[in-house]
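Presented as structure tokens, the chain that follows is alone, the form predicted alone.
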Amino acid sequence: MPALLDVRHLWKSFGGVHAVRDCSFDVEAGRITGLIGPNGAGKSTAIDLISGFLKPDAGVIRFAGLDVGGRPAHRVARLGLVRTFQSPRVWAGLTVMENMLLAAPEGGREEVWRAVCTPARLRESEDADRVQARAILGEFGLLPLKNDPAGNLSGGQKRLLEIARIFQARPRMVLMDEPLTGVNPVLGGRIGEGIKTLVAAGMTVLMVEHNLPFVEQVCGTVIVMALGRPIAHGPLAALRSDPAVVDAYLGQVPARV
């Protein structure tokens, strides 16, 4: 499969600290790729750079053949590259359904003249968005909560709502930063199935996660970072015997994991 995301010689420093240094990797389209490594390896910084929340000091980031390095986050998202965060982010004062509707592709509906000149077409689009949102919420077990404030959901439910919103937005690629943070095992299993469903629907996922059994379950390929750059990639089962990976990361993981 061709690389949907291509990162080459990426650098980012904070003062005298090189958080990301000469970082190069690619992500194939239509797959779930894991990004793992010890704390401070530069994983989340790399996600921030790719998604437009940070501007790189040097290097090239190509998404679907376009150079997106340094573009603001909202422009990167409009190209079909979106992200989640370590802590689930929802509009707490809005209902679950309203959160879903805000994630729908705008299709020109942000322009005032369309609301004035073509109100019937606008209502049709909004009705279609609502039907789709109900179907997606039903798949994730959130439909009974559609009228509840999103701020009342548990941490795991908020994460499920994030994934449901991704389905509503229909991007090409999703960057996920530690999707299992603060999630109980039962909802963790549902989140894993939700991520697999994203890929089955034609999306691509790059996922930062410390839960190695979960990574091995859902990720076909894993990229290992240490000291700001990738040091190995491949199936996690093969990486377990890589001396560089064991020394930098896996040797720090308790034997029971």
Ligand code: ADP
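So that there is no doubt, residue numbering starts at 1 and follows the sequence shown. The model shown is predicted, which means the values in this text are computed figures rather than measured ones.
Although it is not shown, the form predicted in complex with the named molecule is what the next lines describe.
Scanning Ile191, Ala41, Cys219, Val205 against the named molecule in the predicted complex with a 4.5 Å heavy atom cut-off leaves one residue, Ala41. Contact with the named molecule, judged by heavy atoms within 4.5 Å in the predicted complex, is confined among 44-52, 197-205, 62-70, 24-32 to 44-52. Using a 4.5 angstroms threshold between heavy atoms, Val17 counts as touching the named molecule in the predicted complex.
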